[in-house]
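Below you'll find only one chain, the form predicted on its own, shown as structure tokens.
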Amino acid sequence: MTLLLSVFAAVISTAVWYKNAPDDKMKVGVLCWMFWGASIMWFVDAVFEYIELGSEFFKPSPADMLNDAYLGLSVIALALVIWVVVLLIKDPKGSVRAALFKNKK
């Protein structure tokens, strides 16, 4: 489930990045790299788990699937938080800078 969720997030973020490819003001490329990195990590994890469990890998219990779904969603949420922090630091539209200097005048 973690692999599936991270791959979906990676594909969606890549499509959004590609739509705005020449002009990446919102730093969606950073989000793509994080999601694709997580997808590779979960794929390697799935391969090693399959080697360890064999055919039982394809018969997870509902509790395991729910835990994996929570883990996948938390990874997506963490990547989105990191992306927002990158946006706030880079401030591509100058919004944060404008808000800070507006209050000082």
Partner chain sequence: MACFLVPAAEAIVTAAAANIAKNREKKISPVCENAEISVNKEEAKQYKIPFSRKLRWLTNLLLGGSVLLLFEHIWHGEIAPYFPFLTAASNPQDAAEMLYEMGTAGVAMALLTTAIWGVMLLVAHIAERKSNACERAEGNIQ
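These figures come from a predicted structure and were not determined experimentally. Positions refer to the first chain, counted from 1.
If you look for the form predicted in complex with its partner chain, you will not find it shown, but the lines that follow are about it.
Asker: Does Phe58 reach its partner chain in the predicted complex, with heavy atoms at most 4.5 Å apart?
Answerer: Looking in the predicted complex, residue contacts with its partner chain do not include Phe58, since no heavy atom lies within 4.5 Å.
Asker: Should Leu78 be classed as touching its partner chain in the predicted complex when contacts are defined as heavy atoms within 4.5 Å?
Answerer: The answer is yes: Leu78 has a heavy atom within 4.5 Å of its partner chain.
Asker: Can you check whether Met34 is within 4.5 Å of its partner chain in the predicted complex, heavy atom basis?
Answerer: Although its partner chain is absent here, Met34 would touch it in the predicted complex, with heavy atoms inside 4.5 Å.
Asker: Is the gap between Tyr50 and its partner chain in the predicted complex 4.5 Å or less for some heavy atom pair?
Answerer: Contact check for Tyr50: no, nothing within 4.5 Å of its partner chain in the predicted complex.
Asker: Kindly indicate whether Leu5, Asp24 and Val28 are, all three, within 4.5 angstroms of its partner chain in the predicted complex, using heavy atoms.
Answerer: The answer is no: none of the three residues contacts the partner (heavy atom, 4.5 Å cut-off).
Asker: For the heavy atom contacts within 4.5 Å of its partner chain in the predicted complex, list the residues of 36 to 70 involved, in sequence order.
Answerer: Residues within 4.5 Å: Trp36, Gly37, Ala38, Ile40, Met41, Trp42, Phe43, Val44, Asp45, Phe48, Asn67, Tyr70.
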